[in-house]
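Next up: just one chain, as structure tokens, the form predicted on its own.
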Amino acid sequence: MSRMPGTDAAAARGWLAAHKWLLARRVSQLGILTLFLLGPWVGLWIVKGNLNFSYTLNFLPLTDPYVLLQSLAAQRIPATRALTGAGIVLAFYLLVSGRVYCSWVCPLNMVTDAAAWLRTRLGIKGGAQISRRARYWILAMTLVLAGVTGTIAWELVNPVSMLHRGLIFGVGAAWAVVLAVFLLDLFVMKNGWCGHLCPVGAFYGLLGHVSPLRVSAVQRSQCNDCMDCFEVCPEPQVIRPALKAVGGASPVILAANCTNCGRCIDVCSKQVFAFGLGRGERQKPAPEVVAGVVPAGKS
């Protein structure tokens, strides 16, 4: 069995502190899912609908703006309530970073996280190599498909929607799709679905460019290069510029694809990372670095 990321953090700060943000995310994901299922399961309709469109307490409309965009591509005019709901959701994710949807709301994240945990536990390395840009091509194709078919065709096979259907209606094709995502991430490609293919995540990533809520490597000088943060991050490419001051980058992780999951905060025994507000300021390299000269005693 491979050493699990966060082992040193748990030893230094205790298990609970080393899993604080992970536990908070599970409470959020399971809590939201429970609100949707209370109606079909026990007749308590606090929330009606699903993650595409819902009514909370028969008052608050919430619409997935990605689904609304597909509807517009299909030349279907949405109801006023749907437009209002999309506006509310857009405002929220622009404020807290769009990819928060992936790590704090999307129920499929629990499936992909389980695959990532088991993959590490079993020591599975390597796998298929697909560009992370592929998800943006898939995003574009879902909109083209909506325009060609005149339907929101993607939602028929969207694993998130399929997971909801499986929980409500029981065993069926929905679970086959969810299982396929799990096996993809476990055996074929690390973070394959969320990190490389999912058009939903690609769409919400586009909303993350202006968010003031960011993870920051506030104590990056304390980094001991254990690599635990890179191991647990579903988008590890976003960490290095802030952590290693690449090109004079500020300690703030500015990449829109950061999911603000907080796992890098959890697993770091040196407490390098923290949540914060603001985008930080780019730092100018020292004159000797610009000149290509490294002073004695520095590497």
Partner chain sequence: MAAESEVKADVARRRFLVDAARTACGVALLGLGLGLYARQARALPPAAIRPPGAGAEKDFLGACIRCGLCVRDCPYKILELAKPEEPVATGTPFFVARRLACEMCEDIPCVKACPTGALDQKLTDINNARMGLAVLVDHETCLNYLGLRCDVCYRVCPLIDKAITLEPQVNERTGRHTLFIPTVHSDKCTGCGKCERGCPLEVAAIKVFPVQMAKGELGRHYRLGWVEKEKAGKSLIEEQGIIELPKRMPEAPLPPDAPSSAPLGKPFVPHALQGDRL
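On a predicted model such as this, the values are computed, not experimentally measured, just so you know. Positions refer to the first chain, counted from 1.
Another form exists, predicted together with its partner chain; not displayed. Remarks below refer to it.
Stretch 138-146 is the contacting one of 213-221, 138-146, 112-120, 99-107, since its residues have non-hydrogen atoms within 4.5 Å of its partner chain in the model of the complex. Not displayed here, its partner chain is kept clear of Leu206 by more than 4.5 Å at the level of heavy atoms in the model of the complex. In the model of the complex, its partner chain sits beyond 4.5 Å of every heavy atom of Cys194. Taking non-hydrogen atoms only, Phe92 never approaches its partner chain to within 4.5 angstroms in the model of the complex.
For Met162, a non-hydrogen atom is located within 4.5 Å of its partner chain in the model of the complex, even though that partner is not displayed.
The putative spot formed by Leu16, Cys229 and Ser269 is not touched by its partner chain in the model of the complex; no residue has a non-hydrogen atom within 4.5 angstroms of it.
Here is the short version: of Ala82, Ile88, Ile124, Leu184, the single residue with a heavy atom within 4.5 Å of its partner chain in the model of the complex is Ala82. Note on the partner interface in the model of the complex: the residue among Pro241, Pro236, Gly262, Gly49 having a heavy atom within 4.5 angstroms of its partner chain is Gly49. The partner is not shown here, but in the model of the complex the stretch 155-170 reaches within 4.5 angstroms of its partner chain through a heavy atom at Glu155, Leu156, Val157, Met162, Arg165, Ile168, Phe169, Gly170.
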